[in-house]
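In the block that follows, a single chain appears as structure tokens, in the form predicted on its own.
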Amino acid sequence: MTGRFALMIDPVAADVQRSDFADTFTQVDAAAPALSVGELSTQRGDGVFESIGVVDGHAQEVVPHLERLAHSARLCDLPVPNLAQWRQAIDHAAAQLGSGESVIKLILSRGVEHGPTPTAWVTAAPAADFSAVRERGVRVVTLDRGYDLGAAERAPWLLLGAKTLSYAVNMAALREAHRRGADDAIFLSSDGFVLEAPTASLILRFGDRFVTPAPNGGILHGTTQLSVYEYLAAQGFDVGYDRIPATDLPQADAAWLVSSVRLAAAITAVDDVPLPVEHTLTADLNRYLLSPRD
């Protein structure tokens, strides 16, 4: 099966400890009606999600995606998902996907307003073709996110470290980048530090050291970034996390946006200032990211 479909998960079974959850989810046609009009994920974006890349039927980086889903759920005061149940739903969905690249999305919402239980589902669909972007790279602009680096700790209700369904700001940032003639954006804190892209993590190279913004500044800990770091460390490179001033961004020897489905895209320019591009390393990274990883 290579078309779109969804699995509706029974959240009542979320706290049941058993090895077989096959009877706790139901496969449905992704085009068929399945959610109530009172569903808070559509009314208010009150929920969390993850997007998992699938290559030739193998779901990538499942463990870190599930751990991040649970982390986001805790930040949003949602019931902590039973990861074994979700893992079995992911495996069931991945087994039905054909060759090539696909994407599985995990969605957990607060459910129907005033309802007794949350709503949970998994969707599966073919992925967009990002081969050209991986080869040619992306031009980015920097955009002020409007919060300083300490906002996440000072105001946890902003949910800056959660991957929530409220993605209107992220999509608005991408539209603004396109209006400025760029492909993507990089958020900066209001006090002048580099953060992340609307749908990707940022990795910079300075000599033989690779660095990404520390995730304690209210940004997501990227699952693909973790995989890239595993590869780079195995090649003998120094990798780390840091607070990166925005003024360092155009001084990088190379830079990439990395995400679960697009994978690694080299940054060719920042605010119209060209950056060096390492085509060979980018190709190596994408070959690794297309290999089976759990």
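The first residue of the shown sequence is 1; numbering continues from there. The structure presented is a predicted model; accordingly, all values stated were derived computationally and were not measured.
The next section is about a form of this same protein that is not shown, the form predicted in complex with a small molecule.
> Looking at 224, 72, 85, 212 here, can you tell me which has any non-hydrogen atom within 4.5 angstroms of the small molecule in the predicted bound form?
If I apply the 4.5 Å criterion carefully, the residue I get is 224.
> Could you spot which one of 119, 123, 199, 142 gets a heavy atom to within 4.5 Å of the small molecule in the predicted bound form?
Of the candidates 119, 123, 199, 142, 199 is the one lying within 4.5 Å of the small molecule in the predicted bound form.
> Quick check on residue 110: any heavy atom within 4.5 Å of the small molecule in the predicted bound form?
Looking in the predicted bound form, residue contacts with the small molecule do not include residue 110, since no heavy atom lies within 4.5 Å.
> In the predicted bound form, does residue 170 come within 4.5 Å of the small molecule, counting heavy atoms only?
Judged by the heavy-atom cut-off of 4.5 Å, residue 170 is in contact with the small molecule in the predicted bound form.
> Answer yes if any heavy atom of residue 260 is within 4.5 Å of a heavy atom of the small molecule in the predicted bound form; otherwise answer no.
Output for residue 260 is yes: heavy atoms within 4.5 Å of the small molecule.
> Taking the small molecule as it sits in the predicted bound form, is residue 188 in contact with it (heavy atom to heavy atom, 4.5 Å or less)?
No, residue 188 sits far enough from the small molecule in the predicted bound form that none of its heavy atoms falls within 4.5 Å.
> Given that the partner is absent here, state which listed stretch (204-212, 160-168, 175-183, 130-138) has heavy atoms within 4.5 Å of the small molecule in the predicted bound form.
Stretch 160-168 is the one.
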